[in-house]
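There is one chain below, alone, in structure tokens, taken in the form predicted on its own.
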């Protein structure tokens, strides 16, 4: 119905000066013509089908030069995603994303083909909707909005990669409430973690504890379901405040496994006063009952931490624009610790020491050719693992 407002407004504006200058008979003819035009536009809108299919997608190509070890330099088509949304009627739609990582997926390559999203959304009322299927968990600032045009830097930030697994999705049922006062509420039940997947001999758990045990609805064990909730508020122009919570047991009914309940929560804020874009996030995860699990894996390089956490602050400045071109420098500081604490083992000397937090500085430029295509360059410096210091160049798109 909003589409009808423009012709109505146009008609009103057109009539205003005519009242004083146009003879009554001409004015009547003009009103009659405008009325016919209005009826024609209204008829076209009413005849428009409620269903429709929309194709979208995003992708990114990255070149990385490691300043202390050139042998690590890589060029990679990291992601190519096709998104298809189909609206069955004005209340029900299908949302899907199909992703190919690293350009080639085969037994000899590291690429992956995966379904990133596949869910049905049904609108119950102007405020409430239901989602069912495979959806992205509402956590942090990036997980649900992860397209390369939506974040600064060639790579996604480390906190929302290592602590909150990047593009973390689960299968389940979710209720979404979008209120007029700017509150967005999301809550539901979903698949959770399977800690029997934890490979203590691999570094995967040290890179992202929950990323190593989430299931992505691929034959997911579902004896122990998860509960989650997220609340975001956009009540003031340019301001977003929010937080999320996710809780799940990880034994999945396997008798040899302790319950290992995992909880992840975050608080975040984003403020865009004028040309500035400021954001900050803190995320913390805990896992209970890890001692019994770790006790049998003493000596392995990667045991399950009882706590992991991270935070970052980021500032960007929309420095220049001309037509569709836009340039924005940014800087980000992160602190990430994927093994901040361990439960005590017996004897106490077997308890692993907590890992030091990694501190990362990232500074760079984002240049938009238009809102859909972006060129990026940044410099990342690691305080502890300096072998990861690198210069990144990136090309991304989203439509």
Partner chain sequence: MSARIRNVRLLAGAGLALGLACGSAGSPGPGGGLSPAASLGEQIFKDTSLSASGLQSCATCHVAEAGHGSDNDLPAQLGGAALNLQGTRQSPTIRYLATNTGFHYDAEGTPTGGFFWDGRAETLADQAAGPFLNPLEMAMPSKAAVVAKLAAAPYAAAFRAAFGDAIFTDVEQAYRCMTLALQHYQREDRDFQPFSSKFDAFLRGGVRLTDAEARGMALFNDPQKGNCASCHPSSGPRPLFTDFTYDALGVPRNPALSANADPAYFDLGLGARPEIARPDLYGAFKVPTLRNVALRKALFHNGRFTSLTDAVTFYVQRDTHPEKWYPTAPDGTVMKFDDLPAKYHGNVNVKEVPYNRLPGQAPALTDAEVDDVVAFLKTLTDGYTR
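Numbering follows the first chain given and starts at 1. Note that the structure is a prediction, hence the values are computed from the model and not measured.
From this point on, the text means the form predicted together with the partner chain, which you will not see here.
Q: Whether residue 256 contacts the partner chain in the predicted complex should be assessed with a 4.5 Å heavy atom distance threshold; does it?
A: Judged by the heavy-atom cut-off of 4.5 Å, residue 256 is in contact with the partner chain in the predicted complex.
Q: I'd like to know if residue 54 sits close to the partner chain in the predicted complex, meaning any non-hydrogen atom pair within 4.5 angstroms.
A: No.
Q: Give a yes or no for residue 219: in the predicted complex, does one of its heavy atoms lie within 4.5 Å of a heavy atom belonging to the partner chain?
A: Judged by the heavy-atom cut-off of 4.5 Å, residue 219 is well away from the partner chain in the predicted complex.
Q: Considering only heavy atoms, tell me if residue 347 and the partner chain come within 4.5 Å of each other in the predicted complex.
A: Yes, contact at 4.5 Å.
Q: Based on heavy atom distances of 4.5 Å or less, which listed stretch (236-244, 293-301, 155-163, 171-179) is in contact with the partner chain in the predicted complex?
A: Residues of 293-301 come within 4.5 Å of the partner.
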